[in-house]
Structures are given as C-alpha cells and as structure tokens.
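Here are two versions of the same chain, shown separately as structure tokens and labelled structure 1 and structure 2.
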Structure 1
C-alpha cells in the first residue's frame, strides 16, 4: 500500500518577519525563510517525519519548482511531479504581530501537462491512499479534483480531500476516507454561523451522512473533534508557544492518515493528528518527529 499526496498548486512559502509593519513605507525584515509549501507537500514532509513512506506528486516548474524538488530530495521524499513550463508560485507569510498570508493564484498548466498528471495516477493500486490537498490553479478549472477522484476510484484506491467550497462539496458523495475542515471552513461550507461545539458536531455529522468515512474538525488552540458514526471525541491541544500556524492542518492530516495506515486504530490516529498539528504550531518549520513524540502522550481524548 502506498500513500500519495497530490499538490496541484505547490508554493515556495516566503516567511517574512518584521518588527512592526509600516504600510506605504520601507520595512526591513527581521528574519526570513523560504520553505517548500503547498498543502500536499506539507503532508508528505510530516508523513516522512512519522516514518511513513509516501510519494508526492502534482505540478512543479521554474526556479521555484526546482527549489522545492531539491528540498524534498534532500529529505528523502519520493517526488513524482509533472514538470511545467510556468513557475510554481511564491506565497507570502507575513509575520508582524499577527500572521497575514498572501497566496498566489498559481501557474498556467497546459493540457499536455494535465494529461501527464492523469497518466501518473494510472500507477495506483487497490488500497492505495491519495491525499488531495490545497487550491487548484485557475487554468485547471474548478472540477479538476472530480476528474482525479474518478481515476482514483476506478483504480480501487481511497482518497482524502482537503480543499474548500464546491470542490469539497462535490467530493463528499464520492466517499472520502477523511475530510478535515477547521470550524470556520465548516461554517462556510454550509453557509451558516457556528458558535457552539454542539453546532460543530451537528454540521460535522452532515459531512458523515454526506459521504465522508471520517470527519475531523480542527479548532486551532482548542484542539479538534473526531466525529465517527454515533461517537464524537474531543482532543485537547497541548499548551505551548505558538511560532507558526502555517501547515498545522496539513500536519494533522499527515498524523491521522499516517498512523491509521500503520496501526488501523482511529483513536491513535486522532491523537497523532493533534500531536502533529500542535508540533507544527510550536515550530518555525513543520513538525519534526522528536516534538511529535514529545506531545503525543500529552493529548487528552474524551468521548462527548
């Protein structure tokens, strides 16, 4: 069984820290970092930390694509990307007291490049898990995930989807192994305001009846809810100094799916998901194995 991650719209995440932001003036950076990004790529990197072999695929191009490819190679992550003519985007993560994100729309993907990605999925085997994460570059069209899901299902593989809006709605009835909205995304998906835990559970259950096999709703520092069948569990997030929330959700997906594939135990998978998400929140880059293992025993799970 192989786990694949698909990042249609990778990014170099340019993390820029300034003491105080002066709009309209010259600001000098206190610190900056260039990290490989894009949601599926983040999932792959955390899976690797957890000792779960996986293959990362999607589209990479230009000097930015080369930067990501080299980085993943250095971490020993198998990459099966389609090389595109356009440049992979650069996303800005501005830290000036609060975190502000400016994400690019993404490069142009040609029809030949698109066909090459679909061709790569022909290698899928029954039982494989494909994690589809993040936005779709506009040139691919809004229904591209549906096309990928059709191939994945035809091959007898499972899929996890982490995206928003119509693409997520459309994927639900296809039976994803896992969906993991945060509580804001859950509210947006149903066009409602959510203010209580009961409401989160009500709408989370709708994702299950809509077709998802497992539902996690993440709530940043408030931890997460795991909704499965009739049962609902809450996991607290450990306390710590938050350094970066970019990729916390991706890390949670890696922890959950990776541990589920290793152990088959959903509650251990939930625990590992929360530990991985929090370990990323407490790190400059994504979580590493040492911190995930340190946090794992601190996650208290209670049945509601």
Structure 2
C-alpha cells in the first residue's frame, strides 16, 4: 500500500519579516525564509516525519519547481511530479506585526501536461490512498479533481480530499475516506452561520450522509471533532504558543491518514492528527516527529 499526495498548484513560500512596513518607501528585511509550499507537499513532509513512506506528485516547473523538488529529495520524499513548461508560483507571506499574504495565481498547464498526470495515476493499486489537497491552477478548470477521482476509483484506491466549495461538494458522492473542513469552511460549505458545537456536529453529519467515510472538523483552540458512523468524538487541543497557522490542517490530515494506514485504529489516527496539527501550529515550519510524539499523550479524547 502506498500513500500519494497530489499538489496541483504548489509554490515556493517566501516569508519576509520587517520591523515596520512603510508603503511607498524602502523596507529592510529583518528575516526571510523560503519553504516548499502547497497543501499536498505539506502532507508529504509530515507523513515522512511520522515514518510513513509516501510519493508526492502534481505539477512543477522552472527554477521554483526545481527548488521544491530538491528540498523534497533532501528530506527523502519520493517525487513523481510532471515537469511543466511554466514556472511554479511564488507566494509571499509578509510579516509586519500582522501577516499579509500575496499568492500567485499559478502556472498555465497544457493538455499534454494534464494527460501526463492522469497517466501517472494509472499505476495505482487497490488499497492505495491518494490525498488531493489545495487549489487548482485556473487553467485546469473547476472539474479537474473529478477527473482525478474517476481514475482513482477505477483503480480501486481510496482518496482523501481537502479543498473547498463546489469541488468538495462534487467529491462527496464518490465516498472520500476523509474530509477535514475547519468550522468556518463547514459553515461556508452549507451557507450557514455556525456558533455551537451541536451545529458543527449537525453539519458534519451531513458530510457523512453525503458520502464521506470519516469527517474531521478542526476548531482551533477548541480542539477538533471526529464524526464516523453514529459516533462523535472530541479531542482537546494541547496548550502552547501558536507561531504558525500555515499547514496545521495539512499536518492533521497527515497524522490521521498516516496513523490509520499503520494501525487501522481510527481513534489513534484522530489523536495523531490533532497532535500533528498542534505541533505545526507551535513551530516555525511544519511539525517534526519529536514534538508530535511529545504532544500525542496530551490529547484527551472523549465520546460525545
């Protein structure tokens, strides 16, 4: 069994910190950092920290794509990316007291490049798990995830989808192994206001009846809910200083899917998911194994 992550619109995340931002004037950096970005790539990196072998795929191009490919290779993550003619995007995270993000739209993907990715999925085997994460470059159109899911289902593999809006709605009927909205995304998905835990459970159950096998809803400092079959569980969030919100949800997916693949135990998978998400929130980059293992026993799970 192999876990694959698919990142259709990866990025080099350029994180820039300044003391104070002066618009229209010269600003000098206090600190900067370049990291491989993209939700599926984040999942791959945390899976590797958990000792779970996986293969990252998607589209990479140009010097930015090369930077990501080299980084993943140095971390020992197998890459099966389609090389594209256009450059992988750069996303800017500007920290000056508060954080401002400037995200690139993404490259133009040709029909030949698209066909190459679909062809890569032909190697899937029954029991494999494919994690589909993040946004789609505008050139691919809104239904590209549906095309990927059709191939995954045809090969007898499982899939996890972490996206929003219509792409998530369309995927539900295909029976994803897991969906993981946060409470804001859940409200947005159904066009409602959610203010209580009971309402989160009500709308989380709608994702189950829609076709999802397991539903994880993250609630920041309030922990997370896990909805499966007729059962609902709550996990507490461990205490710590939040330093980074980017990648916490991806880390939660990695913790859940990786541990489920190793143990088959959904509650241990839930615990590992919350520990992994919290570990990333308490780190400058993504979670490492040491911090995940420190936090794991601190996660209290109760059935509601």
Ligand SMILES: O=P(O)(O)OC[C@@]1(O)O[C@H](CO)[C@@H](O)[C@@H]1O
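What you see is a predicted model, and the numbers here were worked out from it, not measured in a lab. Residue numbers count along the first chain shown, from 1. The term rigid core refers to the maximal set of C-alpha atoms that superpose within 1.5 Å between the two forms.
Form predicted together with the named molecule, is that 1 or 2? Of the two, structure 1 is the form predicted together with the named molecule.
Answer yes if the Cα of residue 291 shifts by 2 angstroms or more between structures 1 and 2 on a rigid-core superposition, and no otherwise. Comparing the forms between structures 1 and 2, which are aligned on their rigid core, residue 291 does not shift its C-alpha by 2 Å or more.
Fitting the rigid core first, would the Cα of residue 245 be found 2 Å or more away between structures 1 and 2? No: residue 245 shifts by under 2 Å between structures 1 and 2.
Please state whether residue 236 has a C-alpha shift of 2 Å or more between structures 1 and 2, with the rigid core used for the fit. Where the cores coincide, residue 236 shows only a C-alpha shift between structures 1 and 2 that is less than 2 Å.
Core-aligned CA shift between structures 1 and 2 for residue 26 (Å): That residue's C-alpha is offset by 3.5 Å.
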